[in-house]
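One chain comes next, on its own, written as structure tokens: the form predicted alone.
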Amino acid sequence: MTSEFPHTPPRKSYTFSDAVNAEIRRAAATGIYDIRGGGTKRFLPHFDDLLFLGASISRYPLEGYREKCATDVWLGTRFAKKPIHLDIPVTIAGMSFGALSGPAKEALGRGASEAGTSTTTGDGGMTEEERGHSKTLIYQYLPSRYGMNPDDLRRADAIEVVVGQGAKPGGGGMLLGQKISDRVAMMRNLPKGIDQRSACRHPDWTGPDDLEIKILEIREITDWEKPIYVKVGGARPYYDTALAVKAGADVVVLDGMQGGTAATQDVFIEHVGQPILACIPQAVKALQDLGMHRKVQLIVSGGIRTGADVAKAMALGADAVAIGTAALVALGDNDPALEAEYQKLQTTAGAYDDWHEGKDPAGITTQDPELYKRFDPVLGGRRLKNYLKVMTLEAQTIARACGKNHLHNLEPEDLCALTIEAAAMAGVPLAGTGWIPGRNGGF
């Protein structure tokens, strides 16, 4: 007998979505947590939620083809004898040899040098490919100390003391055994083929007072020549920035939770840290409260993709930005041209995030000789240079439209927000109002 009333269509739970249920089944079947890279995949307030207020009558725009808009940046001017001068404020974030192939590291060095910016070593030490092709190379000093030696500290142009990163603030790194090749094992003094899990904190200091001692130690080793960066994940940006400054940092590097080149637990990536949009104003306020804004430079990272993102980060008070995932995409990672090979790995181009497995068809995040031979570092470097050039031109275009003759002259007053969340995080008015949520009554 048929009911006279129509059946209610079946509804799936938002809380127990297909993706959540699939992860429950995977955990139940394997008994291990999921590890991946690629950064957070949940929706977060981001730079897309901000808009620039171009000049008209109240502000006077600059003519794009006749009036200069400078892009250079000095880093490490506080204490270093040899601060770094870059042509553009877009740098390459730390990604290790081990996580990336040797040819990929070479391509990063080539592209960054041609664009007039810096690269960063990442965990695991300095490779000759990277040092040889990087005009300006930042050496990361991490809790693991893998590959660290004083000679390489002296060969670098700056040292970045890594306290945390956006993908896993408070957590250590992972490099699974399939990527511990003979060369990686030798550089890191590890057994070949055995999973490597980096420490979550430095072994020889436990707080900001000890950090000050460590920074002084590194300055002595490098004869006070090299700028000292301190990198923190976006967790407590006001206090972490203030403590880094008080410990003697020349530069603070702040990485929001959208930063994603590191392989770690999925639960970490999605549930620990803050969006970079929420972090920048807090770090800038800390610098301002200490009278150190622009004296100690601020580099921000975590989801930077376009020149518009660069301009927005700088309008909020950053001196420069760093890119990781975007640089890998520019080199050729997750390219739809390799879709057939991604399908064999049970994924698809644009969604591939199992970089830790070492099976990257693009030859970028692998130590497999047959795979990394596919990657041409000269072509990859050229692609990265082109991408960095476009980002810089986009940022200049926006700055000129706001009447600014240097990217550093962009300011929060040039911005408004499309959502209440973005307005509150970034500290700029909601579009069409004077209201900054949590700060004033507005109208």
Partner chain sequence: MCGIVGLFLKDKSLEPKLGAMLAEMLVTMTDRGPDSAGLAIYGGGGDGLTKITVQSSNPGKDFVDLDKDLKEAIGKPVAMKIKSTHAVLEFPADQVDAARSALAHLRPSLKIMSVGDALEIYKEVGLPKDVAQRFDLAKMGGTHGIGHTRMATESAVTTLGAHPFSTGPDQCLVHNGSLSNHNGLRRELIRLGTTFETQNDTEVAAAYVSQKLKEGQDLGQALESGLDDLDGFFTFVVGTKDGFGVVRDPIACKPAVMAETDQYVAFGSEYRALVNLPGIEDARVWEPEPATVYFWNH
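Residue numbers count along the first chain shown, from 1. This is a predicted model, so every value here is computed, not measured.
What comes next is about the form predicted in complex with its partner chain, which does not appear here.
Relative to its partner chain in the predicted bound form, residues 82, 292 and 295 are all farther than 4.5 Å at every heavy atom. Contact with its partner chain, judged by heavy atoms within 4.5 Å in the predicted bound form, is confined among 202-210, 113-121, 303-311, 339-347 to 202-210. Distance criterion of 4.5 Å from any heavy atom to its partner chain in the predicted bound form singles out 236 from the list 285, 359, 236, 78.
Site annotation in the predicted bound form: the residue of 373, 183, 271, 246 reaching within 4.5 Å of its partner chain with a heavy atom is 246.
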